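This document opens with one chain alone, in structure tokens, the form predicted on its own.
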Amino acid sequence: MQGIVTKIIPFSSVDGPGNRTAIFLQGCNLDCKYCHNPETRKRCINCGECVKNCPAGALSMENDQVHFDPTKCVSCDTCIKTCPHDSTPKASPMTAEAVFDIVKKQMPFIRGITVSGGECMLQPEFIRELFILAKDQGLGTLIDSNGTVPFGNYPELLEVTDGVMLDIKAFYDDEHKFVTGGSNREILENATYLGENGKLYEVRCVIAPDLYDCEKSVKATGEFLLPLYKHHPFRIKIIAYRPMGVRAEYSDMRVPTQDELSGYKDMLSEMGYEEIIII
């Protein structure tokens, strides 16, 4: 079993509790207008455009496949800026064992691992193999997901998963389709399933005022989740849209003000939520 791994961040303080190693998998089934890492959306098709433009000579074509040499890479991101396919030549197939060999180097300093994307739940069997290795070493395990893949279909994965960090990008389906290109019906069903089973660790809402009615959406999201929260509390993260890394056509959207973000936090606090984080 191999997963297509985009990158591994040895130490992260924003991908769950404590210090964690974050593993990002390649491929996503949504097309969010504010996506800050659109190069993780698709698999490389070996067109060679990045090879021609790499200033460091870190890319080459070998047997009609793009080959990446990390020892030459200067992290200039020219490859992902020139890719016409929302991909990256740096993603590579790795076994769960190979990934965990990297994780083990940080074990004295981390509390757990978080698998993200792209959309990591497009590779659920790989995640399960990795989490089994992590659990065997006493590490915590979290999934960072857009919620479009039904978690109920993977009970064996959830057995080795401490919790899920779930995106609800817009509550109303028409707005969600406009923002992401896809429906949120499965996402809300996943929120219910995970919440009822005590596996919902965090719900995140990205605030992008130019794209949808954020106040209406946050209010409806809070009301929808409240019965679940009362049985198995989780935290909510209010995330401000920022233009870093987004595609050029969406880079000039308005960034929400601190007062707006604080207003959404106050709204949720009045409903009874206790752990609300603004970033």
Partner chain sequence: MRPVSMERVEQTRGEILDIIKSAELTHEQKVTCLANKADSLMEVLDLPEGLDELLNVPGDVKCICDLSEGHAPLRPRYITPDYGKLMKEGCKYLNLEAPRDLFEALNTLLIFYKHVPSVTNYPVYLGQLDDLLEPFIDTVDENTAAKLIKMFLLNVDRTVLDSFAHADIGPKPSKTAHYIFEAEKVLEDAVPNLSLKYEEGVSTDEYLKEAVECALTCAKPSFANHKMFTGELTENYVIASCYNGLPLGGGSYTLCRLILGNIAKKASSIDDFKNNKLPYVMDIMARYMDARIKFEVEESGFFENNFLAQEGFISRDKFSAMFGLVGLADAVNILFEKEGKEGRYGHNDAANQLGVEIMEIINDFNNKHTNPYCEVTGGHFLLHAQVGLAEDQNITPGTRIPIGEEPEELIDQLNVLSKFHKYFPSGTGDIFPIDLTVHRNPEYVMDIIKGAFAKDLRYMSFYSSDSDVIRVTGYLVKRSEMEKLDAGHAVIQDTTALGLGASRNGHILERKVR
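Being a predicted model, the structure only gives us computed values, none of them experimental. Residue numbers count along the first chain shown, from 1.
The same protein has a further form, the form predicted in complex with its partner chain, not shown here; the description that follows concerns it.
For the three marked residues, Arg41, Ile45 and Arg185, no heavy atom of any sits within 4.5 Å of its partner chain in the predicted complex. Contact annotation: Phe109 falls within 4.5 Å of its partner chain in the predicted complex, judged by heavy atom distances. Proximity of Pro10 to its partner chain in the predicted complex falls within the 4.5 Å heavy atom cutoff.
Within this chain, Gly18 lines the site of its partner chain in the predicted complex, having a heavy atom no more than 4.5 Å away. In the predicted complex, at least one heavy atom of Lys105 sits within 4.5 Å of its partner chain. Heavy atoms within 4.5 Å of its partner chain in the predicted complex are found in exactly one of 109 to 117, 192 to 200, 151 to 159, 130 to 138, that being 109 to 117. Using a 4.5 Å cut-off on any heavy atom, the residues of 243 to 279 that reach its partner chain in the predicted complex are, in sequence order, Ile277, Ile278, Ile279.
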